[in-house]
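Only one chain is shown below, in structure tokens, and it's the form predicted alone.
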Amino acid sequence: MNPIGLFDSGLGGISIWQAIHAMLPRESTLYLADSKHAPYGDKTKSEIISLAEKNTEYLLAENCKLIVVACNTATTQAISHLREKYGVPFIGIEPAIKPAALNTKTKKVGVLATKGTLASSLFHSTTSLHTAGVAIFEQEGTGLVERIESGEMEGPDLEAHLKELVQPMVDQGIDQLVLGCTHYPFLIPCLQRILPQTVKIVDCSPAVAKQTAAILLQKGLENTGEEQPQHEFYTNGDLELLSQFLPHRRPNFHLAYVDF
């Protein structure tokens, strides 16, 4: 059973994996955590493309039938190049600007994202396409990926850091906060304690899972066999930390350190 491949600049893309696994429980998956090179958000476009190629070629060598670029920065900087170079379907990640813009009552939307995503042409084209009459307030999530990659997802220091980042957007009157990095959904419990109840947190994971299911069906790639799906998780970082992101493991979950 050829798996769905996913890669991210570390462990954040597991938030995308969770949504895909929930929607497509019969599909095998292979998740690649490039923690050694996290974060991608402060790297140049050429560096990100090089890392994305390396990750893609690893997944293709493992016979992945579709690849989810489970990283906002890698999507914005590299996915067009990957689609041109490799003959496999790619699913990208974009901040959920459109639903936030459609649902805002105050006509003010906040976006918390990495520097690389906020600076990308794809982000700006998506934003301009869907936000007529809506004010967008951008905030770089400085230091958040590093905290999550070290296993810090709770605590007073993190709450203070998050409050410093989001409070200026709250003061502007936002009622939607778009999470523009796949690491950030792991901060939702912390964010919910900080944000007013009037602010809705918007995550792209469900939309990515729906798109993955649609492409599998369109390409005739969905699993129709009876064998139990297998789920492989590889990291070039801390294997123990990876295990903390997957607390409810089953016998068909396999975790390993791989030097790539």
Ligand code: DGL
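As the structure is a prediction and not an experimental result, all values here were calculated from the model. Position 1 is the first residue in the sequence shown; the rest follow in order.
The next section is about a form of this same protein that is not shown, the form predicted together with this ligand.
S.K.: Among I97, G110 and D203, does every residue place a heavy atom within 4.5 Å of this ligand in the model of the complex?
M.R.: Not a single residue of the candidate spot has a heavy atom within 4.5 Å of this ligand in the model of the complex.
S.K.: Please determine, with the chain shown alone, which of 22-30, 35-43, 52-60, 210-218 has non-hydrogen atoms within 4.5 Å of this ligand in the model of the complex.
M.R.: Going through the listed ranges, the match is 35-43.
S.K.: Although the partner isn't part of this model, could you tell me whether Q176 comes within 4.5 Å of this ligand in the model of the complex, counting any heavy atom of the residue?
M.R.: It does not: once this ligand is placed as it appears in the model of the complex, Q176 has no heavy atom within 4.5 Å of it.
S.K.: Is it the case that C181, even though its partner is missing from this view, gets within 4.5 Å of this ligand in the model of the complex, heavy atoms only?
M.R.: Although this ligand is absent here, C181 would touch it in the model of the complex, with heavy atoms inside 4.5 Å.
S.K.: With heavy atoms only and a cut-off of 4.5 Å, decide whether Q77 touches this ligand in the model of the complex.
M.R.: Output for Q77 is no: heavy atoms all beyond 4.5 Å of this ligand.
S.K.: Taking heavy atoms only, is I91 within 4.5 angstroms of this ligand in the model of the complex?
M.R.: Flag for I91 set to no.
S.K.: Looking at V145, V166, L82, A101, which is the one with a non-hydrogen atom within 4.5 Å of this ligand in the model of the complex?
M.R.: The residue in contact is V145.
S.K.: Residue by residue through 72-106, tell me which have a non-hydrogen atom within 4.5 angstroms of this ligand in the model of the complex.
M.R.: If the 4.5 Å heavy-atom criterion is applied to this ligand in the model of the complex, 72-106 yields N72, T73.
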